[in-house]
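Take a look at this one chain, the form predicted on its own, written out in structure tokens.
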């Protein structure tokens, strides 16, 4: 079985819901308190064992500042974990341009000419954390690692799943499954139509046949549902597995309110911030 050596970080969206900030700063550069979103994703992928990162961007985004090596700042902040100042120094980085916003499948296709074998896909505005560490002792998320472990055991494509509140299912792709095997993906169903409260959460592990399958399930025919058609193909054949990511927090940098909530929740869970921040928050709320 081929090892998972590549990860695609999908960062092509323009972030219109985060305007005006996203007009000058890529939403993937927005910090979760003090660590940029893309750095969280990159370190998660490296912790899962990948050797190459493929960043899917758009023609209007400049990712150079975010991808730079800032090790020279270590002397000014020797307390910081070095991997946060040089988050891409131990991995190959390739930039691919998605020229039109034609959905996830099309974004993946833009990088597949440089990939052989199975690969991870991480959506750039979705941070999944089971660790809430400080920049002094940074611990990356284990979300992608769990998908790789599942693939090494079963040899089948798999997706990350998280449970949401029943009233939230209409915002997501919702799955019906039996054991680990996914039987159906319902795109943004009503609460009454939803087969479960387990939803796709922006983490995928696709097998090498994805390249040919995406040519078959082309974007001209399937549009933004191209990647769903790909996953449905696997469901109907050898199988697509769901990996439930329990005890993870899901943070979305694509909308102002969820991103504000993410800052508060993450800060309250961090050992270096929680005590002082919680005290301030209580005092502030008591003023209203």
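Positions refer to the first chain, counted from 1. Since the structure is predicted, the reported quantities are computational estimates derived from the model, not experimental observations.
From this point on, the text means the form predicted together with uridine 5'-triphosphate (UTP), which you will not see here.
Using a 4.5 Å cutoff between non-hydrogen atoms, residue 102 counts as a contact of uridine 5'-triphosphate (UTP) in the model of the complex. Contact annotation: residue 173 falls outside 4.5 Å of uridine 5'-triphosphate (UTP) in the model of the complex, judged by heavy atom distances. Proximity of residue 107 to uridine 5'-triphosphate (UTP) in the model of the complex: non-hydrogen atoms within 4.5 Å are present. By the criterion of a heavy atom within 4.5 Å, residue 271 is excluded from the residues contacting uridine 5'-triphosphate (UTP) in the model of the complex. Judged against uridine 5'-triphosphate (UTP) in the model of the complex with a 4.5 angstroms heavy atom cut-off, the residues 40, 128 and 135 are out of contact without exception. Scanning 98, 141, 150, 207 against uridine 5'-triphosphate (UTP) in the model of the complex with a 4.5 Å heavy atom cut-off leaves one residue, 98.
Only one of 163-171, 82-90, 69-77, 120-128 places residue heavy atoms within 4.5 angstroms of uridine 5'-triphosphate (UTP) in the model of the complex, namely 120-128. Shown without its partner, the chain has 11, 12, 13, 14, 15, 16, 17, 27, 28 in segment 11-31 as residues with a non-hydrogen atom within 4.5 angstroms of uridine 5'-triphosphate (UTP) in the model of the complex.
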